[in-house]
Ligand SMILES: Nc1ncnc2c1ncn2[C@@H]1O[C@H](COP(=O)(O)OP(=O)(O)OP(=O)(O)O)[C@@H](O)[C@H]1O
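Here you get one chain, nothing else, as structure tokens; it is the form predicted on its own.
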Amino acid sequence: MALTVENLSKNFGKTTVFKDISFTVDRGEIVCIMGKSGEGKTTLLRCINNLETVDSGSIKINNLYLCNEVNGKIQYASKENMKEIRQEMGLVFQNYNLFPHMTVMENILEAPLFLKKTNRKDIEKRANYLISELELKDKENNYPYQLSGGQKQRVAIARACMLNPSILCFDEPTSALDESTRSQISKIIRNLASQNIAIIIVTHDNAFVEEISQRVITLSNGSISE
């Protein structure tokens, strides 16, 4: 199992966002998380990606615990394990979060060069492969302001895929896209799933869910249903 969430709870002060939720996502599976605004969908995604801390429960990425509750207290992974876990995760933000002062290529290369996971030649080879796969071949030297919404989305996907994650998360991937571009993104996501990547998508887009999801999780009043 790529992701196992057990009895997870998150509060902001006295406000409970979700409580005791549990679910799993397998490799190659596309799971959509739905629910009304304010139900905590993005917060859940941020917890899975270690951008928010949790109050109780556990998150396991492959065979490593990102966090686990021991004797009523949350313990996060060691520094060494955390580095490994982070390389298993990819997140495509709703607003893409591309660095505006960097070109497409520079945005894609930034994380793996910083982590020095392999040599620059191999990193650039993978970047060029992803640029070709995502139809960005003539955009390498463009800056984000020179790209359409769909192109920014594809750059963000390429960047998230650079570390070969086993889990890829998307936060509202079609919110700013037209129907044609949405179909392109849907095709890309299905292709990623076919490569044995677990896909988790937070979305309000019912048509997109019908088109792409293999399983739907609904978050409502702090609980989930499938």
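Residues carry their position along the shown sequence, with the first being 1. The model shown is predicted, which means the values in this text are computed figures rather than measured ones.
What comes next is about the form predicted together with this ligand, which is not displayed.
Chemist: Taking this ligand in the predicted bound form, would Phe93, Glu124 and Arg159 all count as contacting it (heavy atom within 4.5 Å)?
Modeler: Heavy-atom distance to this ligand in the predicted bound form: none of the three under 4.5 Å.
Chemist: Given the stretches 174-182, 161-169, 59-67, 41-49, which is the single one in contact with this ligand in the predicted bound form, using a heavy atom cutoff of 4.5 Å?
Modeler: Heavy atoms within 4.5 Å of this ligand in the predicted bound form occur in 41-49.
Chemist: Heavy atom to heavy atom, is Lys36 within 4.5 Å of this ligand in the predicted bound form?
Modeler: Heavy-atom contact with this ligand at 4.5 Å: present for Lys36.
Chemist: Applying a 4.5 Å heavy atom distance criterion, does Arg215 contact this ligand in the predicted bound form?
Modeler: Output for Arg215 is no: heavy atoms all beyond 4.5 Å of this ligand.
Chemist: Using the partner position in the predicted bound form, report whether Lys19 sits within 4.5 Å of this ligand, counting heavy atoms only.
Modeler: Outside the cut-off, so no.
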